[in-house]
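So here's one chain in two forms, each on its own in structure tokens, numbered structure 1 and structure 2.
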Structure 1
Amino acid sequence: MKKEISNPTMKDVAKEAGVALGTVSKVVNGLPVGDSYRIRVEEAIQKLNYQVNSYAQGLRASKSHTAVLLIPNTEEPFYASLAYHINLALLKQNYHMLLCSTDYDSNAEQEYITMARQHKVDGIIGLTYNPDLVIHENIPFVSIDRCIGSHVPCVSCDNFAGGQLAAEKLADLGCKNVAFLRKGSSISNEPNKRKAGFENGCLARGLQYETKIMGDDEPYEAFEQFLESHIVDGRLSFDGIFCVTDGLAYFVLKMLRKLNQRVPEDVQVIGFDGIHFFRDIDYVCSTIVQPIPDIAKMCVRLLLDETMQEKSSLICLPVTYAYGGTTLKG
């Protein structure tokens, strides 16, 4: 009885197939060989359960066919959707994705970049929050939502246009007095432009507006206090609210119900991102939709396409409005 080989090598495959080692190497690396040789090698690989060492292949070819995705977490639906679509886009290019979750830790972001260099990945796609992040020039890097420097391309949706669209939609739906609510990082990034776009839309349409802006570390209860302070005779003075993310809109909707305000009859709410309920096609709320699949494809294209010699420092992709039940139809 023939003894089974526990960790077969390329030499074992060559012996099993009765061919030269160089022939096995050509088959494994996708180089042309005669059909009869290729079939014998493929049968031997299957019989021995030989596993190609893609890391070693990468070292020889100066390519690992692996890219790192750096994101804050996979708990928030927007980040999870982004990771899903970037992985799909990489797989279509025969690349593997290494997922690194930082939980907004600036030190962890830098440590992951160092780790990526040591593992000789072909590039990094990062949604980062470290203002002092060091990007090494010898490894391709594509940033999402934050312009890091002229040498690092940034991909984002058109946040200014999205904020303006939210204001215009609320005006079209009959709102007169609106609020802008934001919770997020103080670091300069593209999503900050949502506020400027919203203000521009309000001014253009003659909407009265107020803003409530809080940092990541501040409690959501401050928004409830803000809204409660604007209730007169049981009625909220705002008839429209724009939340900087769908995640924030989700919490605001709960607050409004607690304050006995009807949505959308008393107050209409628009979020931002285009998040769907789990396993459902319905949106969490009426929302400005980020084109997440297109953002993912553009990030991968910029990272891997060596023919794109002059990469734009900022690429903005268009957004759209989607009804999600928290605004009037119209």
Structure 2
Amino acid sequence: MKKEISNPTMKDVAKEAGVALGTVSKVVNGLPVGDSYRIRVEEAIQKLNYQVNSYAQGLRASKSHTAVLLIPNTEEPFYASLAYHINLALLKQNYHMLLCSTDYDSNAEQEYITMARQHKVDGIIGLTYNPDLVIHENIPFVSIDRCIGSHVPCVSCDNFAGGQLAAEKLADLGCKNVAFLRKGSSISNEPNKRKAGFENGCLARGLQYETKIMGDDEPYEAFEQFLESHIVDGRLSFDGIFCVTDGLAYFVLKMLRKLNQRVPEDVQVIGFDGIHFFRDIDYVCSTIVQPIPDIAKMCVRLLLDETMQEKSSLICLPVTYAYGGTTLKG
């Protein structure tokens, strides 16, 4: 895929000049490089109207230009996409990314942070649900989806607004009696606000609602039992379900098929995240879309721009609703 160069990067300059990325970096940073190379790079910079990135340039030369990404895994689609976009955003700034898949193992997370410090890594971007995580003050840390402390900036989507939007959409689409299903960590985190937002939206729009909250370790079958217990004369008493993630929605859709409930005719389902399979243009389900590329870029910006870190404790990026076949067409 070719991209239009509306916002040219160092890579574009390298391509245009026919030189290595490192050569462009040297020219931009005023390091020695052969005259013929310098001229080609300067011409390419002018031709593309490339803007030197001030926050990347402001870094001390002594840095390792390496950042660590702590993430549970790259198999679950939300994490996979986040890892990809953070990787791209770092590479764009000439930063290398050490990937540390944690598998939700608190000991491993703490080890990787210690490792990062020992290896003089410049910073850490972490998505972790470890309540006891110790962050060293001398290494910049940007947290995703969990506020760790006032000295650690946190980036997430606007989870509260997302929950609210889900309730409003279900109301707009004619639902009267809805359910919120959640499976996830019980420790304080930003995605937990989806519930509060949803309840708020339900109250504002006069929707009846019930919630079913489950821990990470509980089996999915409990949701099936919950749904089954709400079937009267073959018909589910809910006409709308908001699932805390598209992943949960995927399993709930399977359950609803098994329980002979038609989606979206009998019950409409909205997930959260905005997952596509195999880079399809269609979504897995109707969903509240997280702006994953923007979250990634914001994490990298916060990590590399020290002046921003002090100002920002929580940055919530806007979400949107997308139709994905499991709601009526609005």
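Residue numbering: structure 1 sequence, from 1. In this text the structure is predicted, and so the values were computed from the model without any measurement. Basically, rigid core = biggest C-alpha set you can superpose within 1.5 Å across the two forms.
Only structure 1 of the pair represents the form predicted alone. The two forms, fitted on the rigid core, differ between structures 1 and 2 by less than 2 Å at the CA of Ala322.
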